[in-house]
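Heads up, the chain below is alone and in the form predicted on its own; it's given as structure tokens.
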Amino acid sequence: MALRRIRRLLAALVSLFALASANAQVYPSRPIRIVIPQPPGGANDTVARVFAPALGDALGQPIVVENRPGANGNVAMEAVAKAAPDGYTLLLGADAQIVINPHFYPNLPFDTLKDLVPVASLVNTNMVLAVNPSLPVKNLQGFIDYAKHANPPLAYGSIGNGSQHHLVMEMLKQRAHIDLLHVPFKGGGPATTALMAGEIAVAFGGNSITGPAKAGKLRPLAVAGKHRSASFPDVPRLAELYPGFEVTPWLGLFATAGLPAPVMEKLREATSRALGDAQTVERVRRVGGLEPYSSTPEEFAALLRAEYAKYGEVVKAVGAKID
């Protein structure tokens, strides 16, 4: 009797594996949803809508972009982490959401490194440190000197508490021994608007700051990446004044853990084709401050682990907290 039950169980398991394999073979057979942890207009949303046509063509199904903002991206991440692992619900997430949020929210009902699996890196950006042109500084050293004597402290903006923009400025405060007042905003657009209006004196930003800075409405002082920016080739890197001070934000595509290997392979092939599409690349660069970012699955997974550890130390060192 026991042997018969074991045989039935094995037969059932074989049937389930066969069904899963068959489903993977026909994937995708319906529209695919990409969940965005921001309102329309944010960087994640913009990049999703740039890549959606090319991904849809590569996969042969429409890509539906769904905005689910809330709790610094945790609402969207939870929705994908707890979705069926079938490749029909994906997340377009930023590094801050994946590798920084867990250090601010220790009781999340999901694990960003276990319940979400990286499909592919998509883009990265060279963050720009910019000031309102009314500030009497012309370069990074001039800003540091001015900030050291400002009373009350100069106000700086970020796209929200716990964001990379917040942490990088706190890191600069420590390296430069200056005091600044943090003013969080709900996204890059509102922060940039406040900077142009003079409501804050300085901010780090990506594509939201690139356009106004190129138009002369903001003054770029430094970039945070490993290389100088193609948009601002004459603007120095932070590392030129503070060696080793380098930060390069990225956006990537993620799926629910447990995704069948054939489905993952199709998604990675489609993403690779989209990243190699000249029209898509040009659309990415037209956004301003963004560059296509290709990596192998192993490289991207290693980056996630390294940055998770790095930002854990940064959060502790700067004492940053979510209000």
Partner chain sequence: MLDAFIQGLLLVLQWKAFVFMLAGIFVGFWVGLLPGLGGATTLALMLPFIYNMQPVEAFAFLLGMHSVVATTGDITSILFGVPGEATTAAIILDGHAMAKRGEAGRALGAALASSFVGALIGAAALALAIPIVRPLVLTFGSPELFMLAIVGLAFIASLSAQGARGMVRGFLAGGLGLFLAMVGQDPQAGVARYTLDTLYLWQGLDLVPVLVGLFAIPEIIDLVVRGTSIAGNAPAGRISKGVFEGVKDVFRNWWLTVRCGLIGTFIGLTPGLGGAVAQWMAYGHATQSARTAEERKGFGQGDVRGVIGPGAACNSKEGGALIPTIAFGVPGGASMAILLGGFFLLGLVPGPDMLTKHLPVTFSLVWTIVIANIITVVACFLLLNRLTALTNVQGHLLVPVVLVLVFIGSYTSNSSYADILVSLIFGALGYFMVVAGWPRAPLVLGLVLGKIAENYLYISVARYDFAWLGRPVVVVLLIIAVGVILFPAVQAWRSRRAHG
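Positions refer to the first chain, counted from 1. Being a predicted model, the structure only gives us computed values, none of them experimental. Think of the rigid core as the biggest set of C-alphas that the two forms share within 1.5 Å after superposition.
There is another form of this protein, the form predicted together with its partner chain, and it is not shown here; the text below is about that form.
Contact with its partner chain in the predicted bound form holds for none of G56, S121 and P262, as no heavy atom of theirs lies within 4.5 Å.
Put simply, of T125, T192, T112, Q164 only one has a heavy atom within 4.5 Å of its partner chain in the predicted bound form, and it is T192. This chain lacks the partner; the member of T256, T46, S295, Q61 within 4.5 angstroms of its partner chain in the predicted bound form by a non-hydrogen atom is T46. Looking at 139 to 147, 231 to 239, 112 to 120, 154 to 162, the stretch with residues near its partner chain in the predicted bound form, meaning non-hydrogen atoms within 4.5 angstroms, turns out to be 154 to 162.
Contact check for T248: no non-hydrogen atom falls within 4.5 Å of its partner chain in the predicted bound form. At least one heavy atom of E199 is located within 4.5 Å of its partner chain in the predicted bound form. Put simply, E269 is far from its partner chain in the predicted bound form: not one heavy atom of it is within 4.5 Å.
Not displayed here, its partner chain is kept clear of I34 by more than 4.5 Å at the level of heavy atoms in the predicted bound form.
If you take 226 to 241 and check each residue for a heavy atom within 4.5 Å of its partner chain in the predicted bound form, you get nothing at all.
Taking the rigid core as fixed, one finds a CA shift for L92 smaller than 2 Å between the shown form and the other one. After superposing the rigid core, the Cα of V202 is displaced by 2 Å or more between the shown form and the other one.
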